[in-house]
Ligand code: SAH
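For reference, the chain that follows is the form predicted on its own, supplied as structure tokens.
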Amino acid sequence: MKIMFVVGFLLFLSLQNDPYSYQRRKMVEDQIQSRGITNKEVLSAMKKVPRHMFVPSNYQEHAYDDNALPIGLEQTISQPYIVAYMTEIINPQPTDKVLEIGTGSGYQAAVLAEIVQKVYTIEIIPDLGLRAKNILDELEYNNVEVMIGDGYHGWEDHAPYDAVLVTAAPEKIPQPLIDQLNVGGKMIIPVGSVHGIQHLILLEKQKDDIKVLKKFPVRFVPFTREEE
């Protein structure tokens, strides 16, 4: 009886300090683990990162729902399961250096930052990139660097990367991102027309070859270029 009281009291304190902790745990159990995500570091990160901090205040009560949400400027924060899936499939390691294209809300970068050594993330929309940087700084994700720019060209100054994760859909995989990927590294990227079918593509860079696997249909915002 005493043990149950202590557990209940600790749960009460947790909810007082973070009213969304229960929703986050349920999100992981019902939306992510139940769909086959098993990587312990990914599950732990998804339980820890406060997704509600990365969405506009009028959507915070829906932050842990099983769907994407608008974040303004015609952009979205991805469905929690997709974030978890894309993170798990690149097999992130504690010593990894990861490049993300399409910072968006900053949520995916935060999830990665819980697992890997360093995250470099690029956002082409200045207001969005600066907002994400402010949130990441506020949450003390000191291992994330944000750049405003055209993600098509990657971030050559810090290459090569152990993994590349792209959260906007180009019609074909940008060659600079392949060039900046380490041998043995993986890239996960949605590819396809905004008006047609997009597929999530897993690319693995081998010593003398590029291995490409088509995963499943998805719907991402289009990959924006500076010349557009």
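Residue numbers run from 1 along the displayed sequence. Just so it is clear, the structure is predicted and the values come from calculations on it, not from any experiment.
Missing here is the form predicted in complex with the ligand; even so, the following discussion is about that form.
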Looking in the predicted bound form, any heavy atom of Pro80 within 4.5 Å of the ligand?
no
Contact flag, Ile115 vs the ligand in the predicted bound form, heavy atom cut 4.5 Å:
no
Contact flag, Asp150 vs the ligand in the predicted bound form, heavy atom cut 4.5 Å
yes
Partner contact for Pro92 in the predicted bound form: the ligand, 4.5 angstroms, heavy atom
no
Going by the ligand in the predicted bound form, which residues of 117-141 come within 4.5 Å of it through any heavy atom?
Ile122, Glu123, Ile124, Ile125, Leu128
